[in-house]
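Single chain ahead, by itself, as structure tokens, in the form predicted on its own.
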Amino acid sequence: MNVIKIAWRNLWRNSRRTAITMASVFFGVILSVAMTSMQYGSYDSMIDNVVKFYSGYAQIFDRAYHENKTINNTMELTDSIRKTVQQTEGVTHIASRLEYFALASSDEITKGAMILGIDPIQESYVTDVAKWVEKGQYLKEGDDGVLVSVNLANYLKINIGDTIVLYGQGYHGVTAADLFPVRGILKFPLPELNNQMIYMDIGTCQRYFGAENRISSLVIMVDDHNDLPAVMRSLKASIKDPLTVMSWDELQPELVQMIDADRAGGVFTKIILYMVVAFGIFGTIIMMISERIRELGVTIAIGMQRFKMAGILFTETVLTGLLGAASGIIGSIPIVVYFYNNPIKLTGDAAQTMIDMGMEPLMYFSLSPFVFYNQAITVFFITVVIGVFPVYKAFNLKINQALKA
């Protein structure tokens, strides 16, 4: 206890020197927190864009459908399945879909298209398709019309109010052919979706394919992807064969790989940042010890044991690290909160790249607690390691030279 008291008093005997040392830790924490917050904020944004654009946070489907996406491998949506999912804690919305392919024709022009039967109301909570309607209107429940993606509509030379012919193979090989009025034109950020998508009411889609009450997947939404692991554990315990439930990362492995690769690059960058922070702190510690060489020599000369002196110096370094890390967390909170509420807007090629990927050209920040305490702990640990240097100096200090300093 006496060591801590002496160390604390020593810190404030020269408050300017202590402030400089603490500032190194303070700015190190702020820089690492800001960088990590921006990094994980971008990951959260990427995940939200993917799940809210199409896949949802999780999907339930027949195991055979995952291996062979044919309409014969679709599942029957029963009340018990719907009730089980809706009652799962953490699930906010569900939306049923029926997805298959057909030939789309207008006059003498024909092209393959992906038909996606949706519940217009529930789908709006999942992917908000209505916001991509460039012309016309969104589907209503029970609507017998369709929404056509813009490039497909241009290729078939159709517009609002025109009729499109869909011809394909339905459930168990039945012929699927019918006429559908075009209610709206969709324009997505992704070119591949603009080239082939046709949306229709799921009831209309089931009748068209002769697949009454059958769906290809049940899409599940949660409030935040951090809530997903608990939801997945619950669903996997209650959903039995032949059905299976898969999360967004299982459905989008390429996105996971991209995030992992970026995270690896981020780790390398943070290592460089921590090295800069470490040398900054080390420099201030060296300065602090150099200024006190004569003082330390006199203290040892009048009888203080070296191990006690080493303990005091180490405690001073630890206290400096604690104060610097704590103030760094406090100082970083308003900065991160501001950028969390006011994301950085990108311009130029970087903005266009993100728009082409279907994402907003904004740099988001994260408020996850680990963003703050992980960085503070890391910088504090660096400070503690650097605290070995004053201990070394205390045990190797030559009194004659110190007294002449």
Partner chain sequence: MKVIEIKDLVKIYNSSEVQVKAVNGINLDFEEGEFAAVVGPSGSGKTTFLNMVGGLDRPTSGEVIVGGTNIWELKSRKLIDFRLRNIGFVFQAYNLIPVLTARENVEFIMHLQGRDKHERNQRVNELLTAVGLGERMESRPSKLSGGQQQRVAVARALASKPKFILADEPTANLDSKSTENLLDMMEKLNKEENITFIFSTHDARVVKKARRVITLDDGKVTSDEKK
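Numbering follows the first chain given and starts at 1. If you're wondering where the values come from, they're calculated on a predicted model, not measured in any experiment. The term rigid core refers to the maximal set of C-alpha atoms that superpose within 1.5 Å between the two forms.
This protein has a second form, the form predicted in complex with the partner chain, left out of what is shown; the following refers to that one.
With the partner omitted here, the stretch from 70-78, 102-110, 302-310, 89-97 that lies within 4.5 Å of the partner chain by heavy atoms in the predicted complex is 302-310. The partner chain in the predicted complex is approached by Val298, whose closest heavy atom lies within 4.5 angstroms of it. Of the heavy atoms in Ile4, none are within 4.5 Å of the partner chain in the predicted complex. In the predicted complex, the partner chain stays beyond 4.5 Å of every heavy atom belonging to Lys187.
Taking the partner from elsewhere, Arg294 is found to have a heavy atom lying within 4.5 Å of the partner chain in the predicted complex. Contacts between 118-140 and the partner chain, taken as any heavy atom within 4.5 Å in the predicted complex, involve no residue at all. When the rigid core is held fixed, the Cα atom of Met75 travels less than 2 angstroms between the shown form and the other one. Annotation for Leu156: C-alpha shift under 2 angstroms between the shown form and the other one, rigid core superposed.
Core-superposed comparison between the shown form and the other one: the C-alpha position of His93 differs by less than 2 Å.
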